[in-house]
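The chain below stands alone, shown as structure tokens; this is the form predicted alone.
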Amino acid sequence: MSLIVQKYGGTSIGSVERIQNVAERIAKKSRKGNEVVVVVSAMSGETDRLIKLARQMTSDPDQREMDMLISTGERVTIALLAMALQALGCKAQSFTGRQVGILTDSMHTRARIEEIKADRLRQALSEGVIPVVAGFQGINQKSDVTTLGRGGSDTTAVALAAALKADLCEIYTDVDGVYTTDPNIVSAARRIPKISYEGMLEMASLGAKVLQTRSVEFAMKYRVPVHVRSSFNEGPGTLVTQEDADMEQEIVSGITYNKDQAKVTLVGVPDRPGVASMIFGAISKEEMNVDMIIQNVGQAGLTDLSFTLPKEDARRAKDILLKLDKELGIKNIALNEKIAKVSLVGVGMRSHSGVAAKMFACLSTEGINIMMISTSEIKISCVIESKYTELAVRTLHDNFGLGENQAPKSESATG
């Protein structure tokens, strides 16, 4: 008998009929002798509807009240799914984040899990009950409701699997696995049967939307096997697990892109110790995450500094820097929101040379200029003009042999 945590996203439970179909799937798994814990999101579109209501009340809603509001979507689905399971003859019971004992910090609308007690879940499982848990939410030390941010139900599911020492965490969504790139851009994109935690973490952080970044971090830390599958078919999906020798045979396993980025450039920044600390310290205080950073060689005591961050934070970051301008005497602050980040990911890059050179050559052939470059052991990212995103993705996917009808290349890539 295995203990399995299953998570179903909003599309999977977007209607009464789909909830009933999910209940059938869960019941089938349970009747095979498995212990099953289920985590669900709100029905598709519900969280957006609630946010829209809040915006009709005020342009700047209180974050605590926002959490109280948007956490209600999952309460609806856990109750309906529990009812559907009961109608199939299964013992099932719904639980909120508070009832489960999901304790978080106090950062409303983007809280981080600090502890999971899960005593009530263990008790329910011992009584043969299928617990249906509200994803995306918890409580802080004041017992206020908190939410985990977009995609937080993935994090809830993996964190519960870690706390319960589950044998497997299954993430059911509207796609049948992790692909070499977005199939909407490249029709020949190939499903990846198995990918390492590290590779999946890079892909998630660089724009792949199949799994939420923090959920992969949890899985990697606690070694929870995660199986990404479709709720609409019985396909094999993608297993996210520890790295093995087979994974290293492929130089590049996937290509991601992210258009939700902006570039801020500071021209004429004083080139002296402490200036960078002032700039990024001010941005950090506002809980904004900077991605790439490039500083030019200083001349005449001045330098230029560029960095990227999420587009939603860009204008706020510029306002913060304008306040610093009086103190630092920055000559100009430019904001470019028409950029995209395109990335190659693959654990095989550790042992193969020439990948970066080949990537740059591919982009150059198509007349695509590279504005910024960032690398790690298993990824290379380039910032380009957003209008070239699809062309860049298709070109790189083809040249690195990732298509459905192409054999993945394991020989050394040269540029």
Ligand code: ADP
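These numbers come from a predicted model, not from an experiment. Don't overthink the numbering: it's just position in the shown sequence, from 1. Just so we're on the same page, rigid core means the largest C-alpha set that superposes within 1.5 Å between forms.
Below, we refer to the form predicted together with the named molecule, which is not included among the displayed structures.
Looking at the named molecule in the predicted bound form, residues K7, G177 and N184 each place a heavy atom within 4.5 Å of it.
The partner is absent here; in the predicted bound form, the one residue of F95, Y197, F307, Y172 having a heavy atom within 4.5 Å of the named molecule is Y172. Site annotation in the predicted bound form: the residue of M203, L160, V100, V240 reaching within 4.5 Å of the named molecule with a heavy atom is M203.
In the predicted bound form, the named molecule lies within 4.5 Å of some heavy atom of V210. Contact check for Q20: every heavy atom lies farther than 4.5 Å from the named molecule in the predicted bound form.
Heavy atoms of N399 never reach within 4.5 Å of the named molecule in the predicted bound form, leaving it off the interface. None of the heavy atoms of T395 is located within 4.5 Å of the named molecule in the predicted bound form. Relative to the superposed rigid core, V22 undergoes a CA displacement smaller than 2 Å between this form and the one not shown. V345 is among the residues whose C-alpha shifts by 2 Å or more between this form and the one not shown once the rigid core is aligned. Taking 2 Å as the criterion, T256 counts as shifted between this form and the one not shown: its C-alpha moves by at least this amount when the rigid core is aligned.
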